[in-house]
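Structure 1 and structure 2 below are two forms of the same protein chain, each written out on its own as structure tokens.
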Structure 1
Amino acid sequence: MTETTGRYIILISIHGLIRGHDLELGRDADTGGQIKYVVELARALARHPDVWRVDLLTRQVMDPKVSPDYAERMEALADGAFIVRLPCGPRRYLRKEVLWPYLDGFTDQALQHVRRIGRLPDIVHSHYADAGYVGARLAALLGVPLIHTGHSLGRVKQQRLLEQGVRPEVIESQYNISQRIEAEELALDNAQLVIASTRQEVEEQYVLYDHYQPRRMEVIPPGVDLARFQPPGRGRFNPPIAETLARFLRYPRRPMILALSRPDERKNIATLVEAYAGRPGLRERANLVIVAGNRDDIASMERGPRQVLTRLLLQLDRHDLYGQVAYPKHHDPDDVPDLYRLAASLQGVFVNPALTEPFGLTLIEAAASGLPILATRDGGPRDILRACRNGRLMDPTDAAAMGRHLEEMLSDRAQWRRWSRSGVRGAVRHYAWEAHVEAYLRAVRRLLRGRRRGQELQARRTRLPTVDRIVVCALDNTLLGDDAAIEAFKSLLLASQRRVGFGVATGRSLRSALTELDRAGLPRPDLLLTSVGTEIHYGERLVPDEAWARLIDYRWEPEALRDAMGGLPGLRLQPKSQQGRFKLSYFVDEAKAPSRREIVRRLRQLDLHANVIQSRVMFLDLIPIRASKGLALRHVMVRWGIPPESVLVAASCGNDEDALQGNILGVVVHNHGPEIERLRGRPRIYFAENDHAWGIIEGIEYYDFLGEIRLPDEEGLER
């Protein structure tokens, strides 16, 4: 699919360690199922013919404690799929609970990334609360739809911890839970679509949120990389991990009860061990294999996993399970598919005893490997067993029942084979990534179709986040005034349109500016700063920048100002059409009117506040003290992350003065007002020798603004 027709999708998953090879799943609490999910989703989406490009944005980590892979700015995952690592706060690896203060910086980096790509994404898809916060802001800034996937929810966690008797202050200080929940609410507030893995997640978990809108939620079960997970062939299967297990087991060829999870309290490994230990028949018939992450020295691990593993060792010893239970210290990601396959070839069972399981990826992997499952009666497993019909559900707190189930499942060979076959079929039909991506893109198509029917979001689209540079022109006596010059300017702009934005900054009202632009046959600007920068509008649809209106409405008292000006000689109000909400404009009779300085002094003495701007002698504008063309332009540059060296301002009169200054590149046309003469000599303000738009073109050439962009030093440029 080409850039113009294919979809561009941005996925955001901020915390944990993400790379394209050898995922370090289980290394820490932040590097688990979600990481794997987003990497595979990115790859699977990129394989689809409708998709042009997928960028998975994550945090850049530069830390000697982790692999330098996580410091790479960009990593190709597949054809058209990339991991893009963005700086976010300190360089070192941080756990997700402490990332909150740095997320706004991440958003800014994401904006810069979009600019580098030069195209707006069709979709921003955030994963987990931290990315939800960033995604909500990014999607709002870009004016594109947000899809959110919660993965695990703060309110559910909070409830669970409270039930366990953890005090609210502790939950707060340890997990920053209210910030997380607030971010989730924000994401739900903004998302056009929430993708959940199971029905239960929608009905029992999202329901806890203020912004619970089930009609905007869609259950699309996670996909599984089925190429990696396949049933064993005939004959004896003897992968490398079998040797590791053999060190623990007296009879390694007995059926294997396999459990695979992080060493986390919630995964409830302890009850499984009790279930196994309590049934001598089961202990005779099968081995128990517990693969719970990697470890070097339990004593130096974090408290959570340390407690889980210590308890495991004590249980093994108490029940004297030596020779019957394996609990390898290390395994590679590549051992995981082998483990399922080995268990399947030994006619074993996969067991997931977790207290809750919203997702259950391991169950699908087991199913795809032809290994029947016994799983906790919770959301994920329920859906999976409904789809795959390959085992049983159980109460994870009832050790005796768990043991009974296992023994029964291992004794009925015919049933075991039916489960095994049915699991493989169900996994392919319901959980292949291809199926996930089809459902995903169907949902995306619906979203985007809705937008074209004129949703308010569409209107917010602007090219500003993707242009690479922008030319901002004053109208009267600058861009306008010479028809041949306008034509020349137009063809110059059109020739390089894709990456060059077009802006207008004028004293005229919006309406009158548009009339003039139409009359001159100029295109709709990407940016309109009108009424001397007191109003900002974006793009084709003239979307107003409302934040700007709020920002400048400070000490602005138009009635009092008008009264104060009323008594002055030589000043006449301009027609109503030239007055604005934030602009009070007069004609000046130079012979009679007081000077600008005198007017300013008078207003200050009356404790009135206005930016008083005189242009071409005859115009006088009063606007709020926080407004001007220059400030409006800076506001736009900050908002969209446009660096000053990428902005060329073409101007000719007093109200342009502050827009020309600073680090941006300025051009003053030859037919300029006298008030601006004093800027001559500044290295970044070029005084053209030609009038009107010919002067603008001269300035563009001077800086090579449509080419390499030459930046003058203090002496200016060699000509």
Structure 2
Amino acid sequence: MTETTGRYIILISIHGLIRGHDLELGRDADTGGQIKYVVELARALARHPDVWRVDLLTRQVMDPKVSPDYAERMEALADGAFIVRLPCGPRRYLRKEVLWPYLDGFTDQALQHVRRIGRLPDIVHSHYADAGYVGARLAALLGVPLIHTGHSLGRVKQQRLLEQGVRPEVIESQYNISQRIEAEELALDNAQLVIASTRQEVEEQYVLYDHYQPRRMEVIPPGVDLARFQPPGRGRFNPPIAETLARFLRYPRRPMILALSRPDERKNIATLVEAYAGRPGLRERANLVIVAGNRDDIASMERGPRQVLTRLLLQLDRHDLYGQVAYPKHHDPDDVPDLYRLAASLQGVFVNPALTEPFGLTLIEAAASGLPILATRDGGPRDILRACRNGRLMDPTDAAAMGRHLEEMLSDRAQWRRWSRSGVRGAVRHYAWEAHVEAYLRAVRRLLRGRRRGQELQARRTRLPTVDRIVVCALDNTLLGDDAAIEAFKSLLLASQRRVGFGVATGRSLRSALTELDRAGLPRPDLLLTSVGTEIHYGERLVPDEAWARLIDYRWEPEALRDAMGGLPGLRLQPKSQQGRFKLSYFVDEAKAPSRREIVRRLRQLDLHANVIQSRVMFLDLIPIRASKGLALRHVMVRWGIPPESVLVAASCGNDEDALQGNILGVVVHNHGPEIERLRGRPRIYFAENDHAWGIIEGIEYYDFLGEIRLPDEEGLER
């Protein structure tokens, strides 16, 4: 497949540890089934004749505590499929809950990668909430469709933790749950297609979101590598892992009840042990094998896995299960197919007792191996059992019923054989990767109908590519406000104008911005981002960027938005001069108006799409979801090949926030609005001690921006 005729697909999966071999599944809560899914999806897509290239973008990790594999910038998965690892925040391995401050930097790195490839992707496909945040911004900047897969959902997690009695403030501090949910809403707002694994996910989980639109959702179950997962042949099957298990078991050739999962409280291993221990007949008939990740020393593990495994050992001792339960410390990825086949050869059962199971890839692997399954009735297992007809569903909280199901399934040999054969047939028919990819690419073709394929990224000839770097300033309360400071800034700019470009980013209209610049005696900027980033103009002739206008005209319905806002108290439209083609601007009466969050929720529930920006409490702007000052600036950087480290942004209020983040260099002047204070402490955002343009000059000196440019170190900043 040639570059010009084949699809170029970008997959994004940021957290965890991703490599193409010896996947460390179960190492921690971040390295689970999603990792395996995205790696196998990339390989399967690359094998299809309609696909030219697949890039799986993830986070680069340089940490002596993990393999050096995760530091390699690029790894080939197959012909045309690559893992691309991008720097994102501190170099060491971080859990996903603390990655949020660094995701704008990941977006900047992703843009630079696309520029190196030299071709726009046909689609961007994000996986999980963190990638959804990045994917929404990346797809907006590139003007391509976004596909999103949630894998697990924040609102569902929040709901279940609350049901367990966990306090809201504990959930927030431990999981950053509100940030995760907002990222998921952003992904749903921007996605043209949401791929779900199960019908329950669409009907019972996504329905909790403001942006629930089932017509944009499609169920495409994940695939399984049937070359690895097959039934055992005739005769005795004795793989290497059997010797490891035999160390634990008094009668290792008894039927095997196999459980395979991370040592996570939600996997409900404890109830399975109680179910087994409570049935003397089951203990006499079968062995229980629990494969719960890899470990060296339980005492050195993180609190969650440590608690799960400690409880397991206490249960084994309390019920005197020695010789009947195997719980190996280590297993290799190649052992997993052997475990299924070994259990099938012993006419055992695979059990998934999880409290919640978004999909259940292990169930398909077991089915393909001829191993009947007993699974939680939550989520994916319902669809899998319906397709494969190879076992039973059960209540994961009822230990007695779970034990009874297991004993009955192991007692009826004729039914066991029917389940075994049916599972193999169902896995081949419904869950082969080839079937998944065909359904996936059919959906992609529908999204891309009428779009040009394989567009190249080209920079326009302007003054900006001739300069080393560019200073971009907000106007009101930043560049403007102190005449002496303006003169000092102007002198600095004129002295280095051959090397340094000058840009303005403002909420004002173009005409209003030019009036204020002329009044202050400032030169005409090389770049003007006006109307909160919805308009871009270049140079003396104010050449408009029509490509940007086309990019942001996405799900923008100004009349419907105006009608929806008209019924809200405390909001008054600003004068016509402050409105724009892609901007609705309001004055806010704080005492009467609903909060920004309430406004956002109202619009989402009406299936209206807008980026709602509040500044200095009293101003509110509605602009397209693909527009903002930060996105407009990154559009310019992409088109002209300006690296983020060569851009300094000076600002003071809320509508400047996303322009300050990422890998660019930010300066917040001292007289800033309170809403921007939360950015304090970010490594590339400097809070100046001086007001107005004096603060900009201070920031220029802090970064040595007119000299060698000093980049702050991001190490040690995670919380």
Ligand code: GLC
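Computed from a prediction, not measured in an experiment: that's the story for all the values here. Numbering runs along the sequence of structure 1, starting at 1. In this text, the rigid core denotes the largest set of C-alpha atoms whose superposition between the two forms falls within 1.5 Å.
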field: Structure, 1 versus 2, that is the form predicted alone
entry: 2
message: Please state whether P68 has a C-alpha shift of 2 Å or more between structures 1 and 2, with the rigid core used for the fit.
response: no
field: G16 C-alpha shift between structures 1 and 2 of 2 Å or more, rigid core reference
entry: no
task: Determine, after fitting the two forms on their core, whether V51 shows a C-alpha shift of 2 Å or more between structures 1 and 2.
output: no
message: Core-aligned, what does the C-alpha of I642 shift between structures 1 and 2, expressed in angstrom?
response: 2.8
- prompt: Hey, core superposed, how many Å does E657 shift at the CA between structures 1 and 2?
  reply: 30.0
